[in-house]
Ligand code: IVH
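We begin with a single chain expressed as structure tokens, specifically the form predicted on its own.
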């Protein structure tokens, strides 16, 4: 076969292989066997080997190719990849609908489109002139990572968009075009530039197979399919990604190609060559949304992939766009989640965990159990009141609940399964050699003299070096434990007297890493006063209170000498907090620690709040979620410069809640208290950026 004949044959092979990919992945139909398809692919491979000039970027043979990548390039999304706000009940769906209607002009017609919320990994695909040009992860919503070489290994993602002429005779496509007659104008040919968004996931079957293989090899098992999908997409070696058998569902076309509804976007994506979710519903009202949610909940376990709810959005594209964005979430869409997942296990032991302030938290040690794809072995019991309420004992069979990334809770004890001799937990009178007390008005028990407890000391050192305190890079809990075990440090002040030679003999410390750690510690000797105050670990003193104290006193010495009355008169500091601060500085051991810190060369810089004007005076802001333009600290500093206050909690006195990406419970509290919620753009206007 000469080059000319080979070129024609290769073109036909590529077209035929792509056609069968479309039939299998999009229309769920198979006309030829896997062996026959493999034979076609093999013939194409041999032709391309013989005539390398025939290899094209979109050739099916290029799905698994290339050498490992040195790293991922950053890609800025043309439109931010937004997260969704969550709803967990019928009432919250009703409240969401009410908010939509409040924003829209009266009698604006709209309905909804509901689809499964796949527990996967979001990806943006850019096609230029029909060919895959860019594939980017969500990243922070604005900037992601270019992962095209890895994405090419996923068969359900087309390397080139399908043209309508190639598949319009297929029965399923005829049905789609009959249902949406206006769609033909938008999909007659792929647009010059087009962005498709969707979810990469791993099926339950593939997940079980990969864990079975790892078990045979004695390797640790993966926790859940989503983690594998995310990790595989970000593999630097595309060949490793190819081994993971990933799949892709398209759920949106962000490019304006004249499509009027979200439902039609699904149809268009299917025509372009993408697998779309079949379990969907066009809903006329919230009753139909609830019916669909219940229907999906019943069939959830039978689905071939994991889901954690449904996504509901306003179906009409123009109405959806008019609704805009609140914080980092579109107002016109919501994730209607399923109830928190539960599992049954047994309590093996109840232990106490000591915090940096000496608070003792009971923790149930459980027989390891998988909940929602994650193996857990511990659950918090909060305090003795909670233990009594549950009547939980060692040996009990319990129901545990896990919602998102929250530490699991025990929600119920199955007392009919209680074994004979199940032991009730009693708070010990002493812990770490010190008395255990419970102060009036507090739910928690605590160590009377926490400074004498080695466990508390280690927690305090961890707090001291944490991000919002001294922020010492490379100094984690494991290294701190080792330094304490070896007697190299007694408290955080001792860190500043360490030398590279002290830690180089320790296991896993080479000369270079020892020097880097010492350099990191020494670089923090000159440090801002608010960070020092926060690092001291004073009861009730968080970041904001530390800033208030620094702004009021200016130096650590003045703060040390402050009376309880003076502390109580500082804005945002009440009697309980004032007493805790005063008593901390009256403690001789704490005073000695500060002297030792200063003697080791730590120099807290004097602090003065620089106020440009008082434009925001009297207004309290609460920030929740990630910001795009500013860091959280920069935003807080700008607010303070204009006389505004910052709080960590939402109350009726809060002026504004600034909602960024993934805002969390503070946003819900703001809505409950009817506190005004603004986005980052509104904040930038207020602070003059």
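These numbers come from a predicted model, not from an experiment. Positions refer to the first chain, counted from 1.
Absent from the display: the form predicted in complex with 2-(butylsulfanyl)adenosine. The rest refers to it.
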* Please check if residue 408 has a heavy atom lying within 4.5 Å of any heavy atom of 2-(butylsulfanyl)adenosine in the predicted complex. => no
* **Touches 2-(butylsulfanyl)adenosine in the predicted complex: residue 83 (any heavy atom, 4.5 Å)** => yes
* Would you check, heavy atoms only and a 4.5 Å threshold, whether residue 311 touches 2-(butylsulfanyl)adenosine in the predicted complex? => yes
* Asked: Applying a 4.5 Å heavy atom distance criterion, does residue 277 contact 2-(butylsulfanyl)adenosine in the predicted complex?
  -> yes
* Please state whether every one of the three residues 117, 251 and 330 places a non-hydrogen atom within 4.5 angstroms of 2-(butylsulfanyl)adenosine in the predicted complex. => yes
* Structure fact -> Heavy atom within 4.5 Å of 2-(butylsulfanyl)adenosine in the predicted complex, from candidates 559, 400, 194, 122, belongs to 122
* From the list 459, 199, 548, 263, which entry has a heavy atom within 4.5 Å of 2-(butylsulfanyl)adenosine in the predicted complex? -> 199
* **Partner-facing stretch of 174 to 182, 487 to 495, 75 to 83, 533 to 541, counted where any non-hydrogen atom is within 4.5 angstroms of 2-(butylsulfanyl)adenosine in the predicted complex** => 75 to 83
